[in-house]
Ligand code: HEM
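To begin, one chain is listed below as structure tokens, in the form predicted alone.
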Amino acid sequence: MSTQNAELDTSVSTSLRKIHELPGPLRLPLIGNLHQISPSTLHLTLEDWADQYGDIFRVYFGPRPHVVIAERETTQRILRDRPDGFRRTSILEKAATDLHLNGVFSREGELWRRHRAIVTKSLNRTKLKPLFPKLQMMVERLKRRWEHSSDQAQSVNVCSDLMRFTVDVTMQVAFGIDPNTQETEGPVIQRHLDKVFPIVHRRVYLPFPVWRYIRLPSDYALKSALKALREEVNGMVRAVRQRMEANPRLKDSPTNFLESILSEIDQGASDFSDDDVFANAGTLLLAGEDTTANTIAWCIHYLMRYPEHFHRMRSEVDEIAASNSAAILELEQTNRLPFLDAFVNEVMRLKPVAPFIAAESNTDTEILGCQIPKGTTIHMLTRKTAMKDSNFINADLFQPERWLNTEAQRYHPHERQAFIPFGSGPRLCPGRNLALFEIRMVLSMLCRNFDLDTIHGTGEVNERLAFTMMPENLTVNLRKRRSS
């Protein structure tokens, strides 16, 4: 799979299957299998087809074939061979460029390496630790918001509240700015962000860029949202520049992503343009909002389904917090919650916010006995792989205990390489540490201070894909914790 052997030997390639020879659903001329696919449930359709056609099959998005795989070792080899042997799909890069959001997530090659270095530096553990008191303050705001809902006997729209929280955290960590969207009921930046991912998701799977010629109301709404988002980011840039001018030490020791970029630009060490600043700022906001908020929301959903796990997690949090009777844990305490971590891992195994990862081959290569021409899009069904009994025993069951070291010997197979909620290889999610910080803090606060009564909604909680996978119809009744 490495780039060293990516070019196929002619004698070998004749024995390999071509993509059109792979099994797959019947297709129609021109549109392929698009008539069988809904963007919001694409992941479920691909997983159903994997049950029918196996670990490698083909599907047509329009006239071009895509390859779909659900196999652990091949997925890991592809992810490790980025960005040289494989890359993000070119259609994603084009869609991001159209939106002026071609930042670290969609960039490739040397540009990606330069952008990635700055982002990673801003989100490492040493930079996050001093920010912990501010994260505590934001968790306290979320607690107050939920206490108000409890006092008013109002059900909580979990996803909406959590996205306000994650926007506040991301803007603080990445830009050093506290927007306090949790206590703001008027227009907030989150409302602009909410319009972006669904449109990007739709455009990535259209065989022709119709939005360049025919604009739908959603396209005009997106244009308006991006304009407002740009104004917000420009305002942040001005505020950060003023802060750096008032405190010149920040140029030598930047404390966040935006300070790092502006410092390098001012010192002539970077060729970042204003568009690059906006693209990466927007990318961080989008990624920081959706992925972490949806993961916490799925955790709450499973706490509702399994009250015995909720009580076990609460007991663990209570024991850790007993020394200071804190409503919100301290940094060191959040690192001593093995069952909470096991619970989160199991939720991310069954409800990953990215149930599949798409890549594109940079060279002619071979995958599972199939000849893959350069430029072929490959979809890796990471959730499907993690739900195979060959990788995790009783894979379709929700069993947090499988992640506890004391129980590990009872749970075989247990292939950790089949569990990649943050990706793998060189493009491992740079926000992983921040996401885990947020998840631990919110869930421990929830267990410490609230009871979960009933889910109140119009129907079953479903999966909806809009670039990330989120719970639909998840509305919860939170009540202040009753005395034990």
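No experiment lies behind these values; they were computed from the predicted model shown. Residue numbers run from 1 along the displayed sequence.
Not on display, but discussed next: the form predicted in complex with this ligand.
Interface residue among Arg427, His66, His43, Arg440, judged by heavy atoms within 4.5 Å of this ligand in the predicted complex: Arg427. Contact with this ligand in the predicted complex, judged by any heavy atom within 4.5 Å, is made by just one of Leu340, Leu229, Leu284, Met163: Leu284. Against this ligand in the predicted complex, the set Val104, Leu123 and Thr291 is in full contact: each member has a heavy atom within 4.5 Å.
The stretch in contact with this ligand in the predicted complex, judged by heavy atoms within 4.5 Å, is 348-356, chosen from 348-356, 329-337, 220-228, 194-202. Taking the partner from elsewhere, Phe422 is found to have a heavy atom lying within 4.5 Å of this ligand in the predicted complex. Looking at Arg402, you'd find every heavy atom of it more than 4.5 angstroms from this ligand in the predicted complex. Using a 4.5 angstroms threshold between heavy atoms, Leu446 stays clear of this ligand in the predicted complex. Taking the partner from elsewhere, Trp112 is found to have a heavy atom lying within 4.5 Å of this ligand in the predicted complex.
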